[in-house]
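Let's start with one chain on its own, the form predicted on its own, as structure tokens.
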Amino acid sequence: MHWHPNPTERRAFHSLKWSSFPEQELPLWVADMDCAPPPCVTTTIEASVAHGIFGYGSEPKHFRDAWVTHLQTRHDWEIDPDWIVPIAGVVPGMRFSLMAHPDIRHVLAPSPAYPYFQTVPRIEQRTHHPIKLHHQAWGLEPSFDAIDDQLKALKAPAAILWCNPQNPGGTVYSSNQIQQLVSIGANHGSLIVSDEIWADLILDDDQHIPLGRLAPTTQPTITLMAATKTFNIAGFGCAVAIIPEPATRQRFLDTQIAMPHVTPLAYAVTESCLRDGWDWHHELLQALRTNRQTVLDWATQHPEYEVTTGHATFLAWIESHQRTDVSEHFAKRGVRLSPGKPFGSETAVRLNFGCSPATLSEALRRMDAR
């Protein structure tokens, strides 16, 4: 894997990750990686720029075919291409899902979780109900009985926002767990919206199970996916909502009026990765496994923290047994991590190990400082 030899140069190109903090601080926070994407991305961009015209675009003819093939070959999910709604990002997809269902006033979402799992319900003026996640050997897991009890207590239409693989815990939920969630949703008539942006960054032998694969096509579910995390192309806003149930899909489509659309370049880059990025992807997973082990080795020397990396993503969740100022504590040592409070825990931080071994080792060395 070709990690950027001098990632601080990213500041010259307006990198959110590298430009948000003073130059002497190492940023291991927002979830993008310090590596070039697959070679097919550069080839696609060069061909698009050489064309020389940058007007309005439309969905490419074979874009959906690329997703259909990808889901069938890598996730054993056969879908109808008509189920796909292209959108400019997974987070907008979460918001569109709630916009499409104004009758739903209650939203259950895991905690801790990516901050938008709290933000989106709030800005859509829905009542947010956290699903408490508990530390297990390899990730963060809920009690499905507790989810069932929460929905029973509400006695009102509700949506469940789900995250699999889980961010920040890296949990890859099993077929049995997802089936439990699907059944609970069906029993309570709940919409389930599953963020699966990390589906292709599984570091071990676990199989990612798309929620929509286990749910009946008549059940209201929305599965959100993108290639952006997998291939380090977060600057190209392109995702898909996969919605088998026709009425749910139409309601979602109706939210797209006066909304940003996927650009021609984002379509092209995404399709190129789904078709030609897998040799690069294989190398990436090997590199991320090595970095994950480095973090776990650091954790064994620091029993004052509970470190969760799970089986997926390039993220580590670091929970303190002693501090409520964890983010500030490490910032004073020159390392910027994602504060835990927006995720749902004031005693934790999230570390992004999608960087060079040298950058990671230096960050962990600074974090060791007493």
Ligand SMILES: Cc1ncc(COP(=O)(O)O)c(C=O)c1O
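Just so you know, these numbers come straight off a predicted model, no measurement behind them. Each residue number is its position in the shown sequence, starting from 1.
What comes next is about the form predicted in complex with the ligand, which is not displayed.
- The listed set P244, P142, G89, G139 contains one residue whose heavy atoms approach the ligand in the predicted complex to within 4.5 Å, identified as G89.
- The stretch in contact with the ligand in the predicted complex, judged by heavy atoms within 4.5 Å, is 161-169, chosen from 285-293, 161-169, 206-214, 264-272.
- Using a 4.5 angstroms threshold between heavy atoms, I197 counts as touching the ligand in the predicted complex.
- Proximity of H101 to the ligand in the predicted complex: non-hydrogen atoms within 4.5 Å are absent; the residue sits far from the partner.
- Remark: F231 does not count among the residues lining the ligand in the predicted complex, judged by a heavy atom distance of 4.5 Å or less.
- In the predicted complex, no heavy atom of V326 sits within 4.5 Å of the ligand.
- Contact residues in stretch 105-119 (any heavy atom within 4.5 Å of the ligand, taken in the predicted complex) are Y114, F117.
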